[in-house]
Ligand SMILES: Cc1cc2nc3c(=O)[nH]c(=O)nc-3n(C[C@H](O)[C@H](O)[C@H](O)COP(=O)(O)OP(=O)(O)OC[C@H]3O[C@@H](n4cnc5c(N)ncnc54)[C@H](O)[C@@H]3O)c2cc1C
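There is one chain below, alone, in structure tokens, taken in the form predicted on its own.
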């Protein structure tokens, strides 16, 4: 099956334009392939590249023109995604939640002033956002969050603790779900607040984790104005669902699995370049299973992005996408280890296969079953939306 887009002359010319622009503006390669050891200069180079990308309108190319995007078609959006994916190994990670999951609820529920300030800041690459949802006692059961927002005149005072927050050297803005109306029923007692991470009362400390470093963020009577509320007061659950629809996989970026071709390289070259192992029929079968799983994931992504950009109302598709990724990711990691053996556990970026990327995938696969909702949570969501549960629900509206 051909998974590539049909390339008209116009699209071929556009791909050439994108590729040449990236080559001309690409920052120096990162000093290390280990994401845990990227330097401040690596980060600054990546941030400057994203500003240039935003100024070009290509950071979020599908976004409306009035907020800094270009309103591009799905075909051209995918071309930009594909060309950027080819150079991702050479650029430091910004760990920015803005373009992927925070922009949609801002465009859906924000005032015109908020869109011009927050949405434009994200689209143009001037703001890095963290997403304040998970707490020590509230992960997949997000409605159990305890961060509080107390009214004080025309302002609000926010206090609480969020965990597994973004990494990186610099950050600008914070999107926080907090209880603002404790007298209301569950799901109707929250508001979403957006404010600077550098306000008095905000602090954070690093969390050293198996897959990647994160932060624990503490808020102690952080004073924010009422204009920091996204949507209406008490509408936070609804606003957050618009974000989670995209985070769960409804119409986010299309990203092919970057580990699959690296395992194929290992099979062709062999351990320590000692001869190929692709002649082993059992290992070939294991690899083909991974290849098929990765392509199924891309098909889900393409379908969901197409539905979203064509303004089709979603249902179970986001959870179906991420459920596949979670289940497939665990299976893929097991097969990769069977194929590569102990070489797949090497993380030395000079001696390990693919500079340690396979080992990094092994660590990440252990963790990925939890973020953005567990496997069990997404099974429940799908059951409710296709009518297999006593409780019915509809997908949240999102752009």
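What you see is a predicted model; the values in this text were computed from it and never measured. Positions refer to the first chain, counted from 1.
Below: the form predicted in complex with the named molecule, not depicted.
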Site check 131, 140 and 368: each within 4.5 Å of the named molecule in the model of the complex by heavy atom: yes
Option from 78 to 86, 158 to 166, 271 to 279, 103 to 111 whose residues, in the model of the complex, bring a heavy atom within 4.5 Å of the named molecule: 158 to 166
Residue contact check: residue 214 to the named molecule in the model of the complex, 4.5 Å heavy atom: yes
Contact flag, residue 296 vs the named molecule in the model of the complex, heavy atom cut 4.5 Å: no
Exercise: residue 352 in contact with the named molecule in the model of the complex, heavy atom 4.5 Å: no
Exercise: residue 17 in contact with the named molecule in the model of the complex, heavy atom 4.5 Å: no
Contact residue in the model of the complex, chosen from 97, 319, 180, 301 - any heavy atom within 4.5 Å of the named molecule: 97
372, 337, 70, 46 - the one with a heavy atom within 4.5 Å of the named molecule in the model of the complex: 372
